[in-house]
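Quick heads-up: it's one chain on its own, the form predicted alone, in structure tokens.
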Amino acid sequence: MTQDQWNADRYEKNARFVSDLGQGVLDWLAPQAGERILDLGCGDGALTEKLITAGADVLGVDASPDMIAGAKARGIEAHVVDGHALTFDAEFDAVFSNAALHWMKKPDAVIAGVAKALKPGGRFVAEFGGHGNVAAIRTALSSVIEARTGIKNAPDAIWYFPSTSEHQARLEAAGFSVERIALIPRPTPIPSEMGAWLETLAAPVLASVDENLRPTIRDEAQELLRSALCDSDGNWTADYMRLRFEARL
């Protein structure tokens, strides 16, 4: 992306559930007092605060200036950093990430940077979108965008949703030992209509088309999804599939 597509206020309104559902991966991390931890893709820092509460010494990094401003407003040490180009050298006991790695389309570069950032024996614990994540949503967006613009498979250019075997192989190639890895189905109620979810969490996909077309694509994708993801009371559920892992050097 050539510009920041994220908006911290919109994220707070429409996507706070992303960090609220991060307890499971936090439990896998089990942060300890005094540990130095890198939060990769920290967003606005809502989950980072829990690492700090546990007594860890935490640095948050994210590619979005607006999200980093939100993290700093919480009093968190945080910097704008591209996850594909980490420059840390044996500084951290652990690298943690929640709901961010699927935005990083060069996973081998990310994993190599994490390995370099960790101290010997350090651990990498993360959760992100895995194979099958938001499959219905991606299909609807692909269909509408192709019909309106001729661009095929637009979401595939934005997201990385691997299988467990694919991601484990990438981790092992970088020298990690994968202690556990799993795909976790997580149908997730969302606090808004699907259009607001698309504007917030598929913002980079919508940004790939002409600005004047985005409202139409949003609305048409929402209508395609209504029968599958919206119940008779008007409640929407996103078809999430999360990949969670713990790996050590």
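The first residue of the shown sequence is 1; numbering continues from there. Please read these numbers as outputs of a predicted model, since none were measured by experiment.
As for the form predicted together with benzoic acid, it is not shown, yet the points below apply to it.
Among residues of the shown chain, residue 97 is not one whose heavy atoms approach benzoic acid to within 4.5 Å in the model of the complex. Taking the partner from elsewhere, residue 123 is found to have every heavy atom lying beyond 4.5 Å of benzoic acid in the model of the complex.
Contact check for residue 181: no non-hydrogen atom falls within 4.5 Å of benzoic acid in the model of the complex. Contact annotation: residue 88 falls outside 4.5 Å of benzoic acid in the model of the complex, judged by heavy atom distances. Of the candidate stretches 165-173, 110-118, 130-138, 68-76, only 130-138 contains residues with a heavy atom within 4.5 Å of benzoic acid in the model of the complex. Contact with benzoic acid in the model of the complex, defined as a heavy atom within 4.5 Å, holds for exactly one of 201, 190, 46, 52, namely 201. The partner is not shown here, but in the model of the complex the stretch 89-106 reaches within 4.5 angstroms of benzoic acid through a heavy atom at 99, 102, 103.
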